[in-house]
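As structure tokens, one chain now follows by itself in the form predicted alone.
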């Protein structure tokens, strides 16, 4: 790749955000709303909202395999996302055969190289970690202890859930904390 780029005028930024997915998008949103000049870097192509959603207006019967990806496609190109991909969204996933990665043991790395990243594939299902999730390392003697706990994140979970729109309903379960939900899916 040739990166011989000549700048006419040096530009300065208060922050650089790498990736335009959910995390990068929220970081850029928060920083710019607070008046910072932000540069966002994205390795993938620009996917224009609505305009570039190739299959969004198709009915299930319009897909050759009624929405399922074929075994051949899964084996040859999209092995890591086989469990989650649909015929109408496989174009949003990164082709594993064309973009291989090295792994020491079996590992599925779901990637989406375009603006918005995997946030276009999450289906408005995004669950909070519970209190025990933050204690597991210490209890199991693995890794390092978390410097924060669930209660530290509750206001941020609330804030983000209201903004992005998470579907669900309050169940009162400790293992799946309630959030600020949109109505649940039928």
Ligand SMILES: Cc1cc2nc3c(=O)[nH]c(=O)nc-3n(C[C@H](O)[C@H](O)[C@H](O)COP(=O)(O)OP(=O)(O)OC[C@H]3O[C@@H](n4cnc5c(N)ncnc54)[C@H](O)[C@@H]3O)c2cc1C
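In this text, rigid core is short for the largest set of C-alphas that superpose within 1.5 Å between two forms. Given the structure is predicted, the values throughout are model-derived calculations rather than measurements. Residue numbers count along the first chain shown, from 1.
Absent from the display: the form predicted together with this ligand. The rest refers to it.
At the 4.5 Å threshold, heavy atoms of residue 91 stay clear of this ligand in the model of the complex, well away from it. Residue contact with this ligand in the model of the complex: residue 32 places no heavy atom within 4.5 Å of it.
For residue 176, no non-hydrogen atom is located within 4.5 Å of this ligand in the model of the complex, even though that partner is not displayed.
Put simply, residue 41 is close to this ligand in the model of the complex: some heavy atom of it is within 4.5 Å. Residue 121 is the only one of 135, 36, 121, 153 with a heavy atom lying within 4.5 Å of this ligand in the model of the complex.
Contact with this ligand in the model of the complex, judged as any non-hydrogen atom within 4.5 angstroms, is confined among 23-31, 58-66, 154-162, 140-148 to 23-31. Interface residues of 87-119, taken as those with a heavy atom within 4.5 Å of this ligand in the model of the complex (partner not displayed): 93, 110, 112, 113, 114, 116, 117, 118, 119, in sequence order. With the core superposed, residue 166 shows a C-alpha displacement of at least 2 Å between the shown form and the other one.
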